[in-house]
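Each of the two blocks below gives one form of the same protein chain as structure tokens; they are labelled structure 1 and structure 2.
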Structure 1
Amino acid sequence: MLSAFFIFNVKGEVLISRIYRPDIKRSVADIFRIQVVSSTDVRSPITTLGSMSFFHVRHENIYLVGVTKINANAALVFEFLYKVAGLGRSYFGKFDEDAVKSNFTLIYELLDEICDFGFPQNTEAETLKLYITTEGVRSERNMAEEGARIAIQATGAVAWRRPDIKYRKNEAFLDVVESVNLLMSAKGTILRADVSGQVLMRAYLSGMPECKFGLNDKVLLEKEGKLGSATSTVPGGGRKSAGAVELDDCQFHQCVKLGNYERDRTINFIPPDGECELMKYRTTENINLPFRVQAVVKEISKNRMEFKVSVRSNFTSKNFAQNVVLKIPVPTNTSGVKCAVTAGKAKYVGSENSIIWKISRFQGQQDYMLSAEAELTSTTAKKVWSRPPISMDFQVLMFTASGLMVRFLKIFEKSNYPSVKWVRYMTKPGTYQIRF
């Protein structure tokens, strides 16, 4: 397992160094700095140098690095690194270089707790927060009682939730956030399209509530025999008649009872208090692309180039997209661009070598156009312009590219209190690229 754990800043300086096993020296940090941080061409998260493997994750402006000398389970190592990042976030709000520098004793304390001789231990923030605190040492009188409570929770069945939570108003929020990836060829054929989504939950519920949660998962619907009769509207008014989504793979928070899911694909869980990522999923079938982009580029002469880009929104006219940004690359020897657009603002940004076209509000079923003329300077090296793809950024509310929707969320508690439930949907792009 892990032999050491390091945190580096972007300059390659060691912020945190914790050696778990004696088989490596502290100086391996230098190897990582030289081979990975300072090297421009290494972009793989795993670097094996000699007998050592470095696993790294970049979070904010720091590198979290695990080092091992054996053939460790890479997924486990990365999970651990992400857990550390999550812990940092939940302790300090933002886990970056400054946070590390101002809390380094606490971080060492955490590192001692969550990993023993290289084997990961309990990494649950809720539990850890009980005994690794930012405050000073409490009085001894409380300690015995407190200790008993900590022991029960740390070893109990529901490590992620304290039993004595009380709220006056019981609320639960569900956010479905999808990021859609697209690569489209110049001719308009889709080369790659997939959606990776997550369901985030914020629970402000008293006691130990048991929740049940239903999606329009195709397998589940088929099982329930509802497929034919399901006429529910898919969020965003997509065109799916069947209204079912085929999920390629899902991943759940540890609170979800996987046994039930395996058996009948129902999602039962006791939510942790506050925010958590309940599930992650991925789908590649039947994707609703929120925007269609068409671009025509003409080289009028050696030092003149014409761009015509049109973009169309593909969701219902009731919905709208926010903060739509199109980044249209221009040749590197551009000396000036004249743009005309039907909506929003467009200008040439030299530092990115592209035209940035911003539309703050984009209603559904709309068409907008950009026409631009770039002036080019002559260069000594006759390099052909590689034509990098157009990329897009946006946020579409109440729309899911996969067509996924939450069918129900039920909450059961011993006291049977009433609860309020909210569901929101949002789609944003991962890499949304169109070649031309």
Structure 2
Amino acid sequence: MLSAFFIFNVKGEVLISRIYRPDIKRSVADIFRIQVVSSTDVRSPITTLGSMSFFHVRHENIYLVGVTKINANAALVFEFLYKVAGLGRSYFGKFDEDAVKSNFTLIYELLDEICDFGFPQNTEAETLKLYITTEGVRSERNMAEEGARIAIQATGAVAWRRPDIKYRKNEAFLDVVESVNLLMSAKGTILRADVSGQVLMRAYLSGMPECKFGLNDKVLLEKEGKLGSATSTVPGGGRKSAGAVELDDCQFHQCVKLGNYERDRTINFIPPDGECELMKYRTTENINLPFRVQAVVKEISKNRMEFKVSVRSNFTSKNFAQNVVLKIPVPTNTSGVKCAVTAGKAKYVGSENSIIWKISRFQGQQDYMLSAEAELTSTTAKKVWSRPPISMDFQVLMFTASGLMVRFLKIFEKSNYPSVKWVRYMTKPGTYQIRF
């Protein structure tokens, strides 16, 4: 598949060069430097010149480049490049030009292990760390024991987990983290609203456990015949039809058994040890907005402008938001602002041409108000103020804007040990903007 792999710095200098096939020469690096690194008009991560295709990914201050002369699967090539970047972070903490220059030998050793004659092999960091170490000093007995483990893990069906992991206390944490994207008009009409979410798993479990959890997925509830006309409460107190959520786009970690998900919509998996991103999803239907913001701006005179901003939390009073920040733009010719708020603190920040209103703890079903008066300086040019939208930052615990809910989480292991399971929810903003 791949004929060569290169790592360039931002100047176009070759840091790493690995030729996998004899159909190209190292001099092709000059072509990439001239056509991509030195060019100011690069619109695609794929550059085809003659019979050669260059696939590149910019990571930190380096370029990861794959070169091929055949009609290769582009998605597979990019997945390989991102895996290399992930391996670099796993081994060096930060994968940049300095890390590459300090670890030439280790990087070449990794490239020989993860790709054979241009075909990607095992790219799991936990497996590679068993026999490619930064120290490189091990006893013969230890090497023999590790060799047996490596053989099982590298050839087995579960390459992301060792079978001999042991914990005194077996725990599993499931975190549902959602980012809400909102664009609201000055009249209160929702122009765009969607949720991008991820399910994060932190597993500290012994042996080879099989985990299973289910969501209030609309397709699943329809199959089980539980989707009726009744309403049910979702995390944070929102009301949805039978608690059903319609997921538009789901992506899973490789440990998830996709066959089971397609068949009965349950998520079965043997989790990697430690933390992993188990699932990503999007939804655009029935979004529960955590906050409602209304703003009124009046021009009292040429040199004075009045702002009134009210914000209300839509989640239940049992929940609260923390680190709430509203950024309210003011005209560029503002000389000073007098603020009065019913909660938190507000001040004018001239470098950002904005009023920053901070509320450390925002209880559910509460209304808070900001009143401000801005003094404007006279300008010679009569330029109309564009009125940029109000933006918002927050963290709402135990609330999901999509209404997604984990219905159950089960852990099965042959020794049948007791385990502690935790499920947590958090909602934060992606781009949360309100026009006024």
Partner chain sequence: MSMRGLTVFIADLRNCRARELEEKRVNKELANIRSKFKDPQLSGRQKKKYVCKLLYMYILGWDVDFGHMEAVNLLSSPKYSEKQIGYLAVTLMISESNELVRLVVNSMRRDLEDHVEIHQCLALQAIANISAREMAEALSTDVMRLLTSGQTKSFVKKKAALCLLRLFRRHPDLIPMKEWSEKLLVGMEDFDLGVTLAITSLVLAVAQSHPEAIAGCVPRAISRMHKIVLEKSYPADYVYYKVPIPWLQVKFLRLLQYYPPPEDSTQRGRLMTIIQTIVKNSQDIPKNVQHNNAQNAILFEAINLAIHVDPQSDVVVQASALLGRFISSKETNIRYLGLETMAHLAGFAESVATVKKHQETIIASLKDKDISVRRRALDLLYSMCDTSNARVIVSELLQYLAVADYAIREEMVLKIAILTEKFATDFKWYVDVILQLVAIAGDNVSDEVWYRVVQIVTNNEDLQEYAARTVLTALKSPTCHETALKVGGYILGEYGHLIANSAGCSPSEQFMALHSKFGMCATPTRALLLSTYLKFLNVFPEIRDQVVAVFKQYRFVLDVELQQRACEYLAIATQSSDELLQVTCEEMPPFPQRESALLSRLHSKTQDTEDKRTWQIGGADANKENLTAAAAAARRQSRRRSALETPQPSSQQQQQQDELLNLSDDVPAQQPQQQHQHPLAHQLHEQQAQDSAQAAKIAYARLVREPNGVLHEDANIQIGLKTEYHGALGRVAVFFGNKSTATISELTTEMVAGDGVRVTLLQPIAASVPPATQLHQMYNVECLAPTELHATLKISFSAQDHQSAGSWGTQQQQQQQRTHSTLELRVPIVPTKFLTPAPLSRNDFVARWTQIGGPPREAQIVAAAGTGLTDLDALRGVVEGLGASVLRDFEDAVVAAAVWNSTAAAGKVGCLMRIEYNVAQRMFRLTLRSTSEQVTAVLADQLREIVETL
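Along the sequence of structure 1, residues get numbers from 1 upward. Under this definition, the rigid core comprises the largest set of C-alpha atoms superposing within 1.5 Å between the forms. Here the structure is a predicted model, which is why all the values come from computation and not from measurement.
Between structures 1 and 2, only structure 2 derives from the form predicted alone. Superposition on the rigid core between structures 1 and 2 places the CA atom of Tyr20 2 Å or more away from its counterpart.
Core-superposed comparison between structures 1 and 2: the C-alpha position of Val177 differs by less than 2 Å.
After superposing the rigid core, the Cα of Asn122 is displaced by 2 Å or more between structures 1 and 2. Taking the core as reference, the C-alpha deviation of Gly88 between structures 1 and 2 is 4.3 Å.
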